[in-house]
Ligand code: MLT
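Just one chain is shown here, as structure tokens, and it is the form predicted alone.
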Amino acid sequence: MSGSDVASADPLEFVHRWIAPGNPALPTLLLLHGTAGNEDDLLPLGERLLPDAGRLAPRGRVLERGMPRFFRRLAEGVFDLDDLRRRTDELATFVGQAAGRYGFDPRRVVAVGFSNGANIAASVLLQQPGVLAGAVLFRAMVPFEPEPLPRLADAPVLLSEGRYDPIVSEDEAGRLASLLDRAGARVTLRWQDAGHGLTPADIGDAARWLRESSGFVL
């Protein structure tokens, strides 16, 4: 089913796209779109970040005024934490199911998330340590603060944040970087002269980080 949309009645399944790897030795990218996006949005970004890597791109299963998201929110920046925890578990289960179906290594999955997708990727790191080997998080904020902290075993995480972002403040981005660092992740925080949208600098920095700093690419 490489490169095709998949729909299922299973409540733990997602409509998604799977692009088989050109180089199976590379990690699999889990591509997580922002609010109002879909399973196609980040496929070109994944190709630019790590050509020849397998790409798994699910569509968020929550609708907000008809727009797909990965979990509910009560207001801008105010998350429904019960829904977030449930949706985080669903996404973690889906990754394991997809690894079995498509034959990729579940120990080498790197999330690439934007905005709402970055937030649920951060939630997976904090709630389901071990599902993700690392992450590239564009415009992410703190999803929740677990107690006790998980042990992330030096998982590499890149945070790419905008200095003029009206949604994610510098303090909020710094809180997330500190939280992941205290949980044991190897965090790189990069600041872009940008707002909430992605820029060429975001993409270039992330591609270099994946090649040179993450430890995933030999």
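Residues carry their position along the shown sequence, with the first being 1. What you see is a predicted model, and the numbers here were worked out from it, not measured in a lab.
Absent from the display: the form predicted in complex with D-malate (MLT). The rest refers to it.
Checked against D-malate (MLT) in the predicted complex, the residues Leu189, Val62, Leu149, Ile167 give one hit for a heavy atom within 4.5 Å, which is Ile167. Site annotation in the predicted complex: the residue of Val95, Ala133, Leu126, Met141 reaching within 4.5 Å of D-malate (MLT) with a heavy atom is Met141.
Proximity to D-malate (MLT) in the predicted complex, taken as heavy atoms within 4.5 Å, picks out 64-72 from the listed stretches 64-72, 177-185, 152-160, 46-54. Contact annotation for Glu145: none of its heavy atoms lies within 4.5 Å of D-malate (MLT) in the predicted complex.
None of the heavy atoms of Asp82 is located within 4.5 Å of D-malate (MLT) in the predicted complex. Proximity of Thr88 to D-malate (MLT) in the predicted complex falls outside the 4.5 Å heavy atom cutoff. Using a 4.5 angstroms threshold between heavy atoms, Arg208 stays clear of D-malate (MLT) in the predicted complex. Residues of 80-118 that come within 4.5 Å of D-malate (MLT) in the predicted complex, judged by any heavy atom, are Ser115, Asn116 in sequence order.
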